[in-house]
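Next up is one chain by itself, shown in structure tokens, the form predicted on its own.
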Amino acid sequence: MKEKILQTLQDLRQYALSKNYEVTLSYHEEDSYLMRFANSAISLNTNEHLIRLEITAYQDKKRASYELITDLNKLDEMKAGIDTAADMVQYAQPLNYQPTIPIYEASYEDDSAFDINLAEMSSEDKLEFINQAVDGLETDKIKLSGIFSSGANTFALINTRSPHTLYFKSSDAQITLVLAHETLKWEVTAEQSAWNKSNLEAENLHNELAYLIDRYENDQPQQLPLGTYDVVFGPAATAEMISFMNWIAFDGGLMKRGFSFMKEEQIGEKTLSTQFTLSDDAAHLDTFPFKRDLMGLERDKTQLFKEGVFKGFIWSQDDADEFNQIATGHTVPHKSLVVEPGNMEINIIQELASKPRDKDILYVPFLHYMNIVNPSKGIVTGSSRFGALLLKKDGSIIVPYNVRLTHSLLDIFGDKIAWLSNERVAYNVSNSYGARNPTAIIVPKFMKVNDLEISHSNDSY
């Protein structure tokens, strides 16, 4: 199949050259499988195979793109798409900068993050995995919902400036399991991300769900009083906050457009906790990485924050062209964000709960309905959900109703950080809309942040 994809791109390139077109061609093929659960039964088990071809035509500072869903056997249809893009560019408004068309110096292929056993995992195997994860946990009142999403992604690129190609292939899985009480209305969840079938561990999901169900069935629910709390975030909450930082912290183009809480004059300054180091590192297969960007640049490890010091902005090629900067290898569908671990030996919720403490600790594993309040100040908001616990100073545990936290990421990842776990996990932050683009962020399993204020507290689930 790879040979046919690359040969098709070569044929399309020759067609564009014969018409004196200047184009780039981006091929994306996805095999997507989704098993969805509701009321402790399979509610949907479906799959789709899609091929997208995006054609971008150039004419000096003009640029126009046309995308079609097609088939490798429909060469004439794809050629017609090239003609359409070439017609469109004539009427495009010129940019105020000269866009760069890459010149690939050599062809490049990478399928190191592809596992055929995961990509072609059967429905029977997925169901067996789910059954192991929730074995003995469902009752007449506690019902299972969730998803097992998996698939394969193929990207291939070529343009009229060079006969060389880029080719990437990866496999991915995202599992989210929710056990909800029909009458009491509480919900607990456990999740996994994987690029390889051997990464899947049903036992870990089972242990986490079993512990949370035990707490929610046997500990007292309570509305928390407003005030400040020491908060321990689980990997889902931490990863989602890092995902927001991805947009409003270190992206150079967004900074120039006023959509960032970091400033150019802060490069080289300590702005966050000395315990916090964040990099974009395509060496981690758990992040479904692009080891070269779509311009052909090799993606070395890029430090974004090192021990709290801001190391600088990243630049996609188009933003670099517009703002007269140097591209940093970040013209990619997604980055490979990695947070360095700490030194706290707490890596499962049971260890956190059993640890002696001199103050109440609010455990927030998941932040729901997160959104940006003020990008220039880094303020985000989200509410706790799916398994929050209040670990009391006296050793007892309370189940809190949902609370809302509204804070600047500068505070959350600043000097209020008390500790980070010494083990990490890849948390899947993939968007389920549009073309398949598996994305995961590697974060410590737990992060404790002191003195965070709760702005709202619910009186029920």
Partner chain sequence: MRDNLKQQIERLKAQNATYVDVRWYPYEETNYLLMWNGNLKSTVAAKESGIGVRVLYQGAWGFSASSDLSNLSAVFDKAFENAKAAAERVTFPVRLAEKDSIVARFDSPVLSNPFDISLEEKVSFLRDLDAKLNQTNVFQRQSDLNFVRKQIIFLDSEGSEIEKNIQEVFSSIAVTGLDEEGNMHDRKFILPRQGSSRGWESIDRDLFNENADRIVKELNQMLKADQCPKDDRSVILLPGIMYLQTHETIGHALELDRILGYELAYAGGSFVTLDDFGTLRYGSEKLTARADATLINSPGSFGFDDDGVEAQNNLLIDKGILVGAITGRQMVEEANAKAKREIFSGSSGANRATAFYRVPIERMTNINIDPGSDGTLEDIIKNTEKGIVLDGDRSWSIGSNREQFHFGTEMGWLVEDGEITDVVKNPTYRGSTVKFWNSLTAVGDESTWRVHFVDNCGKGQPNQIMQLGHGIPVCRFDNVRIGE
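Positions refer to the first chain, counted from 1. Quantities reported herein were computed from a predicted structural model and do not represent experimental measurements.
Quick note: we don't show the form predicted together with the partner chain, though the next part is all about it.
Out of the stretches listed (289 to 297, 154 to 162, 387 to 395, 177 to 185), which one is close to the partner chain in the predicted complex, meaning heavy atoms within 4.5 Å?
Within 4.5 Å of the partner lies stretch 177 to 185.
Among the candidate residues I348, L75, A283, A92, which is the single one with a non-hydrogen atom no more than 4.5 Å from the partner chain in the predicted complex?
The residue from I348, L75, A283, A92 that makes the contact is A92.
Only one of G382, G342, P235, G329 has a non-hydrogen atom within 4.5 angstroms of the partner chain in the predicted complex; which is it?
Of the candidates G382, G342, P235, G329, G382 is the one lying within 4.5 Å of the partner chain in the predicted complex.
Determine whether any heavy atom of D60 comes within 4.5 Å of a heavy atom of the partner chain in the predicted complex, and answer yes or no.
Looking in the predicted complex, residue contacts with the partner chain do not include D60, since no heavy atom lies within 4.5 Å.
Verify the contact flag for D358: yes if a non-hydrogen atom of it lies within 4.5 Å of a non-hydrogen atom of the partner chain in the predicted complex, no if not.
No, D358 stays farther than 4.5 Å from the partner chain in the predicted complex.
Might S40 be said to contact the partner chain in the predicted complex, defining contact as any heavy atom within 4.5 Å?
Residue-level check for S40: yes, a contact with the partner chain.
At the 4.5 Å heavy atom threshold, is R52 in contact with the partner chain in the predicted complex?
R52: contacts the partner chain in the predicted complex.
Counting only heavy atoms and a 4.5 Å cut-off, does the partner chain in the predicted complex sit next to every one of N117, K141 and E201?
Per the other structure, none of N117, K141 and E201 touch the partner chain.
Scan 424 to 461 and write down, in order along the chain, each residue with a heavy atom lying within 4.5 Å of the partner chain in the predicted complex.
The stretch touches the partner through N431, S432, Y433, G434, S455, H456, N458, Y461.
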